[in-house]
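Next up: a single chain in structure tokens, the form predicted alone.
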Amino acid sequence: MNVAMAVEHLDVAYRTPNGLVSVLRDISLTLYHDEILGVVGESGSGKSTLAQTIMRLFKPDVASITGRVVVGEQDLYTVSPRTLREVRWRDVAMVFQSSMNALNPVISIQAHFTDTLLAHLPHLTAKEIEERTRNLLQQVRLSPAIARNYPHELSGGMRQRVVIALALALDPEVLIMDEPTTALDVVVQRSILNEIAAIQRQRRLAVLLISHDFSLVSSLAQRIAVMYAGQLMEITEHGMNSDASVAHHPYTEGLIAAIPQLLGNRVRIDGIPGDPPDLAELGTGCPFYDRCPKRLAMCETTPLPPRSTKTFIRCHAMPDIEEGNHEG
């Protein structure tokens, strides 16, 4: 499989009045062409920070960042600002979490597409821009007539489809989707997810799909990366519907156990006890130690080994797990 994007040993620390606070620690993952890689975890686990870091959206006075983000053959953290502007949306695009905040409320939908296309393709005529806008809106099952509307005149689901269409405007190879169905009802959510899957297959996109909903990601992604306290705990090819004999990280097992089952016998749902740790006070061991039912004495202080593989489980209590294919 060809690599579309590689994140290598990414560390991010926010600058605060009390000093640097580490929010991402040694993140390494590989996204392949024609693949959906899901990223799941509780709120505050670092999922959105990862997406914004990949897109190089943090200014130096906001965060200290080390590591590499390679899209194609370009390292986004070594290219010039001009090259970065060209790479964004042309090679890697992003669907932001809140569609209403991602759209400018004082300009029409057509103006959003016009600005996006002209920023990269200044030679396009007004007729060509309108034609591209029409095709993109139709691709996400919207009427081209809504191009004359303003964001507040559209429903939440329609706005989200517009944001997805904008992200596809320059035919990128990598698409990052940060909670693309947040605040939408379940019917609209399912419709948008089906459209995402269809577009991904049609364009053979590499998609990084971020969500707190494990069941949602499991229905779409070929692999799932599980984050906790700014660290990757597991990358697996087995989701919530996998065979019971498949081993998962204790945190992943907790997420799966907390998913309500619509079919079958009534069962008690037990959440993960405790709360996520304070990132400003993390120790040297596993960040899940205080909440883990399988913890060992060594887990509290012994650093977890860094790994950069296609699949893995990062856990001292599971030493017999194979690290998977070293393709990353």
Partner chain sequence: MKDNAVIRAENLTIRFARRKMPDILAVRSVSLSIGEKETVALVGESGSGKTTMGRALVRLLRPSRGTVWFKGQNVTTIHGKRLRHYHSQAQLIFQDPFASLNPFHTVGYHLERPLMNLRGLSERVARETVSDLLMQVGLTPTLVYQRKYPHELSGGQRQRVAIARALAGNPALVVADEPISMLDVSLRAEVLRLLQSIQEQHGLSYLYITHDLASARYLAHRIAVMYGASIVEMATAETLVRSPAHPYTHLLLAASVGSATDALPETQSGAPDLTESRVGCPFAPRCPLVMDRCRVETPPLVEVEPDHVSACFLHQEGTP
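All values derive from a computational prediction rather than experimental measurement. Residue numbers count along the first chain shown, from 1.
Just so you know, the form predicted together with its partner chain exists too; it's not on screen, but the next bit is about it.
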property	result
Site test, 84, 86 and 204 vs its partner chain in the model of the complex, non-hydrogen atom cutoff 4.5 Å	no
Its partner chain contact at residue 97 in the model of the complex, heavy atom, 4.5 Å	no
Its partner chain contact in the model of the complex: residue 270, any heavy atom under 4.5 Å	yes
4.5 Å heavy atom contact, residue 167 to its partner chain in the model of the complex	no
Any non-hydrogen atom of residue 109 within 4.5 angstroms of its partner chain in the model of the complex	no
Listed residue that, although its partner chain is not shown, lies within 4.5 Å of it in the model of the complex (heavy atoms), from 152, 120, 141, 148	141
The unique member of 181, 219, 116, 200 whose heavy atoms fall within 4.5 Å of its partner chain in the model of the complex	219
Segment assignment from 100 to 108, 68 to 76, 125 to 133, 184 to 192: heavy atom within 4.5 Å of its partner chain in the model of the complex	184 to 192
Residues in 280 to 297 with any heavy atom within 4.5 Å of its partner chain in the model of the complex	291
